[in-house]
Structure formats: structure tokens, C-alpha cells
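What follows is one chain in C-alpha cells, specifically the form predicted alone.
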């Protein structure tokens, strides 16, 4: 066994930040050396129960488990990991927060930490340690991680959510590449629909895909749920213009998208039912892993830019948090820190094959972004993302409005004809005012 010293650990960490990775026994040796001088000392006899969401990319999940195993072996802290469906994580976390019992650490989507910030362990020291060591946090990551001046969670990663499309079908519709503007998208989608290669995006309560594209569609036309002063501003000409656009775009979709949840578009795309959709890179990852012929034809693109003239992208943050009822807060901090140290995090990014984007700037040069050109756009997800609180602040009201699917429902009502764009915006305004009370 290699005799690692503290100096070796520091030197190796510097190299690993640039993209090199340790594996096997070398990784465990590094972990043991780290544990000997870890920044947060676990309590004696510490045991942690952790909860995360079921995987979309198998290799990521396998590496995540391997990293946990290394932490257990190096520190002696027992970690029990439970896995649930993505859309079940937030309600389970909310119940745990309310009753004061359940998992010690939860890793899930979006802004759920802002629903119960007073129930969470202060993570400021962890965030300062990681930010200071790995080049600082991207601004949107800090927005999701903090309430006022206190870090209430650690933004482990961002799930990039971009356009997935069949290159051959786009070209058959007369386009060399996926359009970069909203007018071009409408023309492309209409033509692909005529050719039997319609697109489609989720309009059900899909936490990831549904939220991502509907927020983009509203923001692209200058609409927003609230203004800079957190005053509800969704019932605006800009929002209505966006809803009118979506209503027209929806006519080119494949049937059934009104009930799609996360996962429906993956299946539709891989089965050839649709020629384009929005998603993470998991569609492409599965096609490559399973040796599907479709893999060579899959490409990715940024969301088209609307009349506002700049990117208006929502991507899916995946923070993790520790509840303050835990008996082992220091062990939770050590665990969360360990998983974001370079050896573990680099290996995990690699096995995520672009599905996750780093939240610490020090990981920007990871080879996962250059070894396959089809992953390239996902590298920019964290840097380009807007907070779900846009254009106001991120807090309880913003998190609650998101959890209530106000934007998704508004877009769905207008798109499907359940309500006119004006009525859909007016209803969204009433619902948002329940949370944003003056």
C-alpha cells in the first residue's frame, strides 16, 4: 500500500482539480489520508442515513456508491443510502423537516432547501472550505445554496437541460442545425411535424424537463413570475406573448405531451416517436451505453434565444442538505465535503458523462467536456442558468411557487387551449399571490 502523507494529498488534489483521477486502491489510499486530517471531524460512533433520487445514468450511480464506500472505509462512519423516484424526494424531505425525523442528508432537485431553511444545518463552513479550495462557486450555485448570508445547502451539481435532436430529421426539414432563435424553432417544428418527425416537451408536473422548458419559454419573451422587488408580475404583455408562442408551438407537438412526466420524453425520443425534445444528456448516454444506432444521429443544442435577445435558461440544481435534527452534524459535513473533493468528484463527473455540470469553477477543465463533442453544450449549464426566483430573490415564496408548478400549469393551460393566454396568466397571478404576499 502506498504511504500517503498530508503533503501527498494536497499535491494530488491540485493535480486532480485539473482533471486527473484516482481509481481503485489509490482512491482508497487518498481517502484514508484525507480522513486522517479531514476538515470536519465526525462524532464518535456516527451513523448517517442518506436519501437520493433514482438514477437516470447508471454509471453515475455506480460511481456515487463507490465514493460512499470509500468514505465509509476511510472514516468508519456508517452510511445507509436510500434511493427514491426523483419526484418523490421533495415531499419526503418536507415530511422529514416537519416531523423532525428521517434521513440525515438528502440530495434532491431544485430549491427545496428554501422551503424549510430553519430546519437545516448551517453549511457556511463547508461552502467556504470547498469554494476556497476549488476556485469559488458559480453565482447561480451560490444563489441556490444561500439564504441571506447563511449557506443552507451545498449545490452538488446542476443537471443541464438542453435540446436533444435527431440531426438527420432536422436536416430533412431543411435546417443545417437546430435553430438559435424562437422563430426558427417554430418553423423547424412545424416542418418536422409535417414530415412525421414531430417534437414534444413535457407539460405534466415534470420536476426537471417540464419546469426547465416552460420557464425558458416565458423568460424568452420577457415574462417572469415576479419583478426585481418580488412583486408578482406574471400577468404581463410579455408573458402573454410567450404563451401565444407556446400555443402555436404546441400544435406541432406529438400527441400526449400534456400528460408527460420526466421520463416520457426519453422513451418517446429513443423509440423514434419524436425528433426533438428537451432533456439532460441521459437520452444520448443510454443510446451510447446500449449500442443503439440512433446514438450517431443525436445532437444537442442550447435553448433558442427569444425576443429578449439573451439566453434565458433554467437548468435543474441538485443541492444536498443536512437536517438539524441529525445527531451527527459534523459527520454530515465531512460526508458532503468528501464527495466534492477532487478524486471523488472528478471520477463522478466522468461517469456522469455530461449529465451533471460542476458548480465549483475549479472543475471547468474536466476532460468529460472535451472527449465527446456532443457533450459540449452541457458544460455551460451552470454558468448560463437563471435562478428559479428570476427576476426576484430566491426564498420560500419562489421555492413554493415552483413546487406548486405555477409556471408549468400556466403554460400547459395556454398551450392545450384549456384557457386563453390572458386567462392562464391571470390565474397564475392569483396563485402566485398566495406565496408572494405584500
Partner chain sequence: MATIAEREEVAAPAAWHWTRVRNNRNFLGFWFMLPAAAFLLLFLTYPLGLGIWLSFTDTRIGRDGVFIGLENFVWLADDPVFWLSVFNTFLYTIVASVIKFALGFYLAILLNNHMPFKAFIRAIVLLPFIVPTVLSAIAFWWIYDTQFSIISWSLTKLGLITENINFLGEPNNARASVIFANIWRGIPFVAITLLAGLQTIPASLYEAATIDGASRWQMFRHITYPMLTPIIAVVMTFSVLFTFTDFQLIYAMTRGGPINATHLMATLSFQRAILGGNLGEGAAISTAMIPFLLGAIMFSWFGLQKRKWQQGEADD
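Residue numbers count along the first chain shown, from 1. Just so we're clear, the structure is a prediction, and the values are computed from it rather than from any experiment.
This next part talks about the form predicted in complex with its partner chain, which is not shown.
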### Query
Is residue 118 close enough to its partner chain in the predicted bound form to count, meaning some heavy atom within 4.5 Å?
yes
### Message
Contact with its partner chain in the predicted bound form for residue 258, defined as at least one heavy atom pair within 4.5 Å: yes or no?
### Response
yes
### Message
Residue-level question: is residue 372 within 4.5 Å of its partner chain in the predicted bound form, judged on heavy atoms?
### Response
no
### Query
Is residue 94 close enough to touch its partner chain in the predicted bound form, meaning at least one heavy atom pair within 4.5 Å?
yes
### Query
Of 289, 267, 194, 231, which one comes within 4.5 Å of its partner chain in the predicted bound form, counting heavy atoms only?
267
### Message
Can you pick out, from 299, 87, 238, 351, the residue that has a heavy atom within 4.5 Å of its partner chain in the predicted bound form?
### Response
87
### Query
Three residues, 54, 185 and 209; all within 4.5 Å of its partner chain in the predicted bound form via heavy atoms?
no
### Message
Only one of 280-288, 164-172, 314-322, 118-126 has heavy atoms within 4.5 Å of its partner chain in the predicted bound form; I'd like to know which.
### Response
118-126
### Task
Enumerate the residues of 391-417 that have a non-hydrogen atom within 4.5 Å of its partner chain in the predicted bound form, in sequence order, or give none.
396, 400, 403, 404, 405, 409, 412, 413, 416
